[in-house]
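The chain below stands alone, shown as structure tokens; this is the form predicted on its own.
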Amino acid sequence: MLNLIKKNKLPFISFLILSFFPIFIDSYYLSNISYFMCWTFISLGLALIWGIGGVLSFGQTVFFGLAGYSFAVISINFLGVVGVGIWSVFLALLITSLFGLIVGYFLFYGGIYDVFIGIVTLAITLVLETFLQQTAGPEYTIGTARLNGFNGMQGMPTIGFQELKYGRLEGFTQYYFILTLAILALILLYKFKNSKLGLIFLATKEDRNRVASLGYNVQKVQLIAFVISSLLAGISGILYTNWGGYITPSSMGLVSAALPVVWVAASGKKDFFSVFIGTIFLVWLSQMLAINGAQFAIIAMGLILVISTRFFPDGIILMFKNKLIEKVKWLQS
């Protein structure tokens, strides 16, 4: 355990600081940080398929929105049923994973690669967003749950056991749950990256034909990574829905689809921890700029993407991380 901490001092210290935040900040700022961390999972999923496997997808927000809407529909229809705030989450993630499996199957086994994956996934995103925007009428219901078009869905129960006073994800409970889930996700992603399956997936980024010639099922490996990525995006969607108590079609719009790409590119798509920290910082920056108008945040994110791809291709946050590690090693020597 001590060796593991020594090898990962920076992540350990960072999560230690985050774990003590609730002691020093009020509920308003605690809720904001929880919101920022909600988005880290969708970024981590994109870092997996893009940073490791070279598959750039603009469809992460499809899985984000699908999971959020599925959770809302299921939980509203079974409102009052014991444990609905728990098993509805798993059902929503199952639906999202199955959809990711279907989309990924047609992509990879259909021979769609490179820029065409981005085009197809973006098209799916815009189709789903456009459809949900047209569902304002009373006829657009699933059971007792109305889709509500532009206004989105609300009225779903909080994740957790509604019968227990401290069994719901809100406030401190929500913050520590998201933080713990993020730590677990990072550990599992690094394990996947260093596993045989992860190394095969990494090799497909360089030359998938050569990997296939060695006897590996390239499409299967890419599909597995794509499903994991969709699952992570779904986790973000459910946590976001739980945090705000609503989900709208705009969460799957063109801007929403592009933002995770900016966060991952600027953070350092090859390193999961950098993506985690970078996403929190960039979402915070977007919120600060959006106070004076959403267009300022969009322009700033565009500039950050251009600067990072032109001058910092490995990521700005990853660059600072490496420099900090080098500085610490120099001080210790």
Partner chain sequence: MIMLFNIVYQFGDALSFLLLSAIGLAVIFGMMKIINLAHGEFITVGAYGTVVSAKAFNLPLPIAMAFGVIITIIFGLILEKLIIRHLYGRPLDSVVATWGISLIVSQSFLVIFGPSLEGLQTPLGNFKLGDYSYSEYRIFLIFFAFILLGLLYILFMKTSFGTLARATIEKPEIASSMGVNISNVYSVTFAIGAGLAGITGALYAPTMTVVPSIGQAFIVSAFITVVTAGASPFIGLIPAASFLSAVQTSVTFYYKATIGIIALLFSVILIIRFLPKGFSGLITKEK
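This is a predicted model, so every value here is computed, not measured. Positions refer to the first chain, counted from 1.
We do not show the form predicted together with its partner chain, though everything after this point is about it.
**Student:** Ok, A212, A258, L199, L188: which has a heavy atom sitting within 4.5 Å of its partner chain in the predicted bound form?
**Tutor:** Answer to the contact question: A258.
**Student:** Counting any non-hydrogen atom inside 4.5 Å, which residue from V115, I102, L184, V82 sits next to its partner chain in the predicted bound form?
**Tutor:** By the 4.5 Å criterion, the partner-contacting residue is V115.
**Student:** Based on heavy atom distances of at most 4.5 Å to its partner chain in the predicted bound form, which listed stretch, 176-184, 222-230, 72-80, 130-138, is the contact stretch?
**Tutor:** Only one stretch passes the 4.5 Å heavy-atom test: 130-138.
**Student:** Check F58, G110 and L305: does every one of them have a heavy atom within 4.5 Å of its partner chain in the predicted bound form?
**Tutor:** Looking in the predicted bound form, the three residues F58, G110 and L305 all sit within 4.5 Å of its partner chain (heavy atoms).
**Student:** Please check if S14 has a heavy atom lying within 4.5 Å of any heavy atom of its partner chain in the predicted bound form.
**Tutor:** No, S14 sits far enough from its partner chain in the predicted bound form that none of its heavy atoms falls within 4.5 Å.
**Student:** Might W50 be said to contact its partner chain in the predicted bound form, defining contact as any heavy atom within 4.5 Å?
**Tutor:** Yes, W50 is a contact residue.
**Student:** Using the partner position in the predicted bound form, report whether F296 sits within 4.5 Å of its partner chain, counting heavy atoms only.
**Tutor:** Contact with its partner chain, yes.
**Student:** Decide whether F90 counts as a contact residue for its partner chain in the predicted bound form under a heavy atom distance cut-off of 4.5 Å.
**Tutor:** F90: no contact with its partner chain in the predicted bound form.
**Student:** Quick one: which residues from 305-321 get a non-hydrogen atom within 4.5 Å of its partner chain in the predicted bound form?
**Tutor:** Contacts from 305-321: L305, V306, T309, R310, P313.
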